[in-house]
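Let's start with one chain on its own, the form predicted on its own, as structure tokens.
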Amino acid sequence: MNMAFNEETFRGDFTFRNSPESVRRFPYPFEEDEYMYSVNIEQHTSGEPGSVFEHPIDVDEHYVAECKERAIVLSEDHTRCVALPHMMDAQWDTLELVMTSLSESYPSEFQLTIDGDNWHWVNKPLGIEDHFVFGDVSTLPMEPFEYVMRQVQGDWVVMDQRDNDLYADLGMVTGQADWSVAFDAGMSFKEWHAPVPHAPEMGIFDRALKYLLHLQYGSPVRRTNWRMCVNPRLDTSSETYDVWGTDNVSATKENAGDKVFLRVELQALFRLPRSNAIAFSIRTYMVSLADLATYPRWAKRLNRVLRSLHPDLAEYKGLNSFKQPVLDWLEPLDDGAFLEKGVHPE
């Protein structure tokens, strides 16, 4: 069965939209009425059919539009793709991971034929078909990491493991939430995550690093992270703050339902076989408050989370400019009824 893909934009006229099915499968991140940053790692096993957890790498109705958005960002700023010289094995590992996953999970859209080192790749949604020799960069139109990253949703950072640490030495990041892959390139795991308030003193990243250093091939893990944004703009990088920063003061109680989006990152980590690096995928899903409110318990819980959120976390997540209009919009939807623990909709 062929998938249907939206024609939509993440800039300019912002025609991004979610179908009812896309809203239903949104990875809502709040199990309880309060939130504090935590490791919250679980096994990245197959979830319910149709959910964002069904396959190792999710493809949805936004696939084609997100790949077009990535191409636009790269045409404007190619430093969003960082590849340190020693990461070539990891580049091929990542290409294999993505192509194998997509072709196995979505065989009507992606086909991969392997004959020794001779690979034949077909990407029907993007109209791509290539024959190449695995391990031979000269047989691809560009380096393998960039080639495959232009054909997958979400940002990806591949971390080299050495000296009992993880280093962000390879990355394609075009839809990040106010950070810079060019700035973070080469940083250690804890250097990269240092800006998160309270987490370092709570030992969260010490525990996460210890866990990830022992991550096994074939046993990926996942977690979620979240923030909010005004307008469905994927590229909210540090480099383009002058473009999107003013969005944050344009939200009002009257327009917040359509203009403000809950933005959730489904983060998965895969051990790679040849390089022993770890591929870290950061897949962003966005849903407007109005769409979110089609499931009342989601709107009620978001209201409670935002009201109780620690001020330092609110600042870190960039909410202060528009938090009050959001609360003013959500408040009438919250009757104070008890909500059982869990992220499921009604």
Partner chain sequence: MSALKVKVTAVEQVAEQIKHFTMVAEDGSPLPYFSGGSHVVVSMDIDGRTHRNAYSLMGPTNDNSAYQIAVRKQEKSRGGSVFMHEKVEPGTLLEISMPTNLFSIHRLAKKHILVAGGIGITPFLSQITDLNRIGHDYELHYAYRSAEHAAFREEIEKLCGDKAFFYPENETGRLNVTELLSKQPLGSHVYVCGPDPMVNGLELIASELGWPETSVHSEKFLAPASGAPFTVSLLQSNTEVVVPSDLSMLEAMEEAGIDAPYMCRGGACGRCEVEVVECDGELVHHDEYLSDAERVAAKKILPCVSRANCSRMVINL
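Keep in mind that this is a model prediction, so the values were computed, not measured. Positions refer to the first chain, counted from 1.
Omitted from view is the form predicted in complex with the partner chain, to which the following refers.
Residue contact with the partner chain in the predicted bound form: residue 247 places no heavy atom within 4.5 Å of it. In the predicted bound form, the partner chain stays beyond 4.5 Å of every heavy atom belonging to residue 127. Under a 4.5 angstroms non-hydrogen atom cutoff, the partner chain in the predicted bound form has residue 89 among its neighbouring residues. Contact annotation: residue 96 falls within 4.5 Å of the partner chain in the predicted bound form, judged by heavy atom distances. 216 is the sole member of 138, 108, 216, 75 with a non-hydrogen atom lying within 4.5 angstroms of the partner chain in the predicted bound form.
Contact annotation: of the candidates 188, 100, 252, 276, the single residue with a non-hydrogen atom within 4.5 angstroms of the partner chain in the predicted bound form is 276. The stretch in contact with the partner chain in the predicted bound form, judged by heavy atoms within 4.5 Å, is 268-276, chosen from 254-262, 239-247, 151-159, 268-276.
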